[in-house]
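Given as structure tokens, the chain that follows is alone and in the form predicted alone.
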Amino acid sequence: MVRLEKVAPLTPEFLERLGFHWHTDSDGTSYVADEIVVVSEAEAEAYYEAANTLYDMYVEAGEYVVEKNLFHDIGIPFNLVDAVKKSWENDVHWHIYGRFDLAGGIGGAPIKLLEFNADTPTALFETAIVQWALLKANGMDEAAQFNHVYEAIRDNFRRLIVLDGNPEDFGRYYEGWKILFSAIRGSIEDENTTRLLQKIADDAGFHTDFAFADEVEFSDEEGIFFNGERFEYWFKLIPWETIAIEESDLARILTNIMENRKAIILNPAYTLMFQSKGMMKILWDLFPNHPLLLETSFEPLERKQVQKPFFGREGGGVRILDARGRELVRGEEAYGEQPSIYQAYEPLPADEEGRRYQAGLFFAYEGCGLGYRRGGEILGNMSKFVGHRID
């Protein structure tokens, strides 16, 4: 059973002063719960260890996909395969951050990997800032939380320069290279999440700027420009698969920019491999019966299972099936043309009211921050963010 503790909610006015404008769902209810999950030190440590173990497994699986040329098997669009390969070959294409979605980890339930949001994970603002502010506003110890997301991402930006060296040595090697941050115009959540990342990079010591994606200029031979200035790095809060499908010319240009070493794109193109749920099948093949994994296949299983499209988000296109393949629950209709995986069903921990909790565990070089989403058996756009504290 999930342990909960009631807290006084943060007001919309307070949240907006933080830059968090997506505090109210379309039905008028608060997106951030007025309760927090209470976890033990041992549970927090187990989440941390799980994140580090899983990331190492993903790296091994990524190497396997590249060596065996399995890009088609996991749904990588053909026009991004070269970009994935180029980014994988060189450590300068550093993975800044991602988020593991997990079942279990509290109330005695074992931790199980559901998926890895490695490219453009959401809930960064909530995990790094809002839940910390929630403890502070309620007079609780804000340090009693598995949450050093801000500092971990700051240090990972510094590793763009020092790689596996000490992030504290950033100043010795930094020669003024600039990062341009971009989001799609019209989404305050995407814009302010991107601006938060820009602020973190500023704190790391980089020169940065922000531009909406439609304001950025791209050249195969010269690189990436905004207001006439060339940028050595471009962070885009735009999914790689969206670029591949909807902006095929841009996919080609970005690949050429990488080939010509005119800019580095963040998160790197190889995170599309990690983002694909097809990797769950590769992981199961490489690490069968690993305690952190659920059985996964490209074909229906003969047990209760969850069907997920390769690049689905927010529960879209997800179906829970019984052992005979009959549908029990389904998420919002979406991603109908995508191939799917079939993953063994693992129930999410529940509270006394039967509400389900899924852990979101951020990774930036190491496990660095925990938050929860609350809803039904399939978590969608109307699920709530629930903070936590360590007891």
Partner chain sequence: MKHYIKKISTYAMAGSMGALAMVAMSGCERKPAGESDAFTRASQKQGAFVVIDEVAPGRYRIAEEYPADTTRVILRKLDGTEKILSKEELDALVKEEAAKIDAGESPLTNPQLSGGGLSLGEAILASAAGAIIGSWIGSKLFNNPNYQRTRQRSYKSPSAYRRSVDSFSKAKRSPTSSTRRSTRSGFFGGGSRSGSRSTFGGFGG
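Numbering follows the first chain given and starts at 1. In this text, all values refer to a predicted model and were calculated from it rather than measured experimentally.
Just so you know, the form predicted together with its partner chain exists too; it's not on screen, but the next bit is about it.
Of the listed positions (250, 294, 301, 81), a single one reaches within 4.5 angstroms of its partner chain by any non-hydrogen atom in the predicted complex, namely 250. Between the options 243, 103, 283, 263, the residue in contact with its partner chain in the predicted complex by a heavy atom within 4.5 angstroms is 243.
In short, of 87 to 95, 119 to 127, 104 to 112, 286 to 294 it is 119 to 127 that has heavy atoms within 4.5 Å of its partner chain in the predicted complex. Judged against its partner chain in the predicted complex with a 4.5 angstroms heavy atom cut-off, the residues 310, 324 and 345 are out of contact without exception. Contact annotation for residue 73: none of its heavy atoms lies within 4.5 Å of its partner chain in the predicted complex. In the predicted complex, at least one heavy atom of residue 358 sits within 4.5 Å of a heavy atom of its partner chain. In the predicted complex, residue 44 approaches its partner chain with a heavy atom inside 4.5 Å. In the predicted complex, residue 165 stays away from its partner chain, with no heavy atom inside 4.5 Å. Residues from 216 to 252 that approach its partner chain in the predicted complex with a non-hydrogen atom closer than or equal to 4.5 Å are 216, 217, 218, 219, 222, 225, 228, 229, 230, 232, 237, 238, 239, 242, 243, 246, 247, 249, 250, in the order they occur in the chain.
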